[in-house]
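What follows is one chain in structure tokens, specifically the form predicted on its own.
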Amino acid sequence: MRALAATCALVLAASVASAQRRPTLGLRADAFMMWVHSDTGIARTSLRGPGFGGEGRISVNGLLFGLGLLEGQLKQAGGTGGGAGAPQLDLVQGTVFAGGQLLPWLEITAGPVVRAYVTDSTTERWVFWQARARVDAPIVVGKLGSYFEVWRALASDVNLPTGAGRIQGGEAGVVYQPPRQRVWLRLSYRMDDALLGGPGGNETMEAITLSGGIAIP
């Protein structure tokens, strides 16, 4: 309930702060290389692999609504302890978000995220509500920009005996958009850190992503 209330508050704040604007549809495609590190205190494993994803969003009078999906295949990259026989994983993640452009350089969103690591025999499933803030800064006005995002889970759950603890992360990148064009390219790095409950250890996900997108008025 707290997560839902926070989302509603963000949307309301954006509605009050925004001016009348034409609706804009944004589409994005991602190709990434991902690393997932798990440390239970007894064993450490590292998995890596490629993946693809996408995002669609609509902006109406400064309000933002969108959804995203990514999929990846992870294979063992190394490990110690009991991690030598770590199975291959399929990663699937879906995101729904709402929020607003509070300032020309500041975007605030929140919404649920469902992430699953799937093997032939088991599925590790995370469900959490995520609050996210993004700051944009120009490097070369009208051509090249940068951005930085941070996020934190307001509530979380995982189908592991240890339960879920703190979950947070961040992303930074550069964006190139040709003058007077609606298409753009982006190179970014992200890291998510999930702390398991009790002495369960932690899981860290890193990714380097090349993205392309278009804004449709």
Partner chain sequence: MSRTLVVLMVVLTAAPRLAAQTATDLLEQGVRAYQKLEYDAAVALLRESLARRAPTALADSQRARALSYLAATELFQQERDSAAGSFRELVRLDPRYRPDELIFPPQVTNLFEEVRRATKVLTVQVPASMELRPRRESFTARVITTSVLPVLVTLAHDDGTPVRTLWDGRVPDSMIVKWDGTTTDAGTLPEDGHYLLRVAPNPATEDGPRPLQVTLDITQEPPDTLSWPPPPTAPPLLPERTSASPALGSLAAGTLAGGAVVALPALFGRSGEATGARFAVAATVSIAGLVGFFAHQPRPIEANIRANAPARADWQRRVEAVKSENAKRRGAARLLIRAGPVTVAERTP
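Residue numbers count along the first chain shown, from 1. Predicted, not measured: the structure shown is a model, and the values here were computed from it.
A second form of this protein, the form predicted in complex with its partner chain, is not displayed here; the remarks below concern that form.
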### Query
Since the chain is shown here on its own, which stretch among 109 to 117, 125 to 133, 140 to 148, 94 to 102 would lie within 4.5 Å of its partner chain in the predicted complex, judged by heavy atoms?
140 to 148
### Exercise: Thr162 in contact with its partner chain in the predicted complex, heavy atom 4.5 Å
no
### Query
Heavy atom to heavy atom, is Arg57 within 4.5 Å of its partner chain in the predicted complex?
no
### Message
Please determine whether Arg182 contacts its partner chain in the predicted complex, using a 4.5 Å cut-off between heavy atoms.
### Response
no
### Message
At 4.5 Å between heavy atoms, is Gln168 in contact with its partner chain in the predicted complex?
### Response
yes
### Task
Using heavy atoms and a 4.5 Å cut-off, decide whether Gly26, Asp30 and Asn61 all contact its partner chain in the predicted complex.
no
### Listed residue that, although its partner chain is not shown, lies within 4.5 Å of it in the predicted complex (heavy atoms), from Ser188, Ser38, Gln177, Ser156
Ser188
